[in-house]
Ligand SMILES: Nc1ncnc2c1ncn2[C@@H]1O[C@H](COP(=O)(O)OP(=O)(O)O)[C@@H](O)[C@H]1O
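Below you'll find only one chain, the form predicted alone, shown as C-alpha cells.
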Amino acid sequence: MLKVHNLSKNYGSRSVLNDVSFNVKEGEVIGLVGENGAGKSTLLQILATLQRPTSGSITLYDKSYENKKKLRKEIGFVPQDIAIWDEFTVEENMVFFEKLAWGNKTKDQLKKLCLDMKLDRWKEPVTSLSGGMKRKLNIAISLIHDPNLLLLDEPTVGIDLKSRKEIGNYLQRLASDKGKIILYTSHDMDEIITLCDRIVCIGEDPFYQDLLQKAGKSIIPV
C-alpha cells in the first residue's frame, strides 16, 4: 500500500501542495486531476523521489521514503517529456536502459515487454516511430525493473485514440493481474473516468469533483 500523509510542498512563500493525504491499495489505478498549477506533476515527482516535500510523510509497503535508494527499486516514473534515444532502435533503447536498471532481463524478456504493449517495431529506429509508439516505448522502459509503483505524468498526450486505448488497457491489466499501484495524470477526463478506479482531486476548484460525481466515480478526499 502507498500511504501519503499530510504532504505539503512550498517554493519559497508559494504553496503548491497543502496537507495532501490519501492511501492507495495494490491493484488500483488512481487518477490525479486538477487545474494547471494545482500540483499534480509536483506530487508525482515527490512520489518518484525526484523532489523532497516540505513536510509530511510517505510510505510504500511500510517502507519510509527516507531511504530513497531502496525505494527507487520499487518505483517506475514516466515523465511528460519522452525520454528515449531517437537515434537508437527500439531494441537498442531497451537494452541500453536495461543496463541501468536493477535486476537482469534477457532480450527476449525485453521484447515481450514491448509486445505486451503492442509495440512490435523491435528493429526500427525511434525516429521512424509514431507518437503513440514512442509513448509505449517510454512506458516499457519504466517497467524494465518490474516496479510495484508506477507513476505516469500525461503519458498519452498528443497521441492517437487507438494508442491511448492500448496503453490504458495495458495499465489496467498491470494493476489487476500483477497488483501494481498506478497513479496517472491526464487532462482528458474521459480517459480518467474510463481508466481509473478512484480519483484524487488536487486544488480547490470544484469543477473536477462535480464532473466526476456526475460520472459516478469514487473521489479520494485529500
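These numbers were taken from a predicted model, which means no experiment stands behind them. Counting begins at 1, following the sequence as shown.
Only in words, not in the display: the form predicted together with the ligand, which the text now covers.
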- [ ] Indicate whether the ligand has at least one heavy atom within 4.5 Å of a heavy atom of G37 in the model of the complex.
- [x] yes
Open item on the list: Quick check on T42: any heavy atom within 4.5 Å of the ligand in the model of the complex?
Closed with: yes
TODO: Look up in the model of the complex whether F207 has a non-hydrogen atom within 4.5 angstroms of the ligand, and give yes or no.
DONE: no
Open item on the list: Can you work out whether V16 and the ligand are in contact in the model of the complex, taking contact to mean some heavy atom pair no more than 4.5 Å apart?
Closed with: yes
Task: Region of this chain that lies against the ligand in the model of the complex, out of 63-71, 29-37, 193-201, 163-171 [heavy atom, 4.5 Å] - done: 29-37
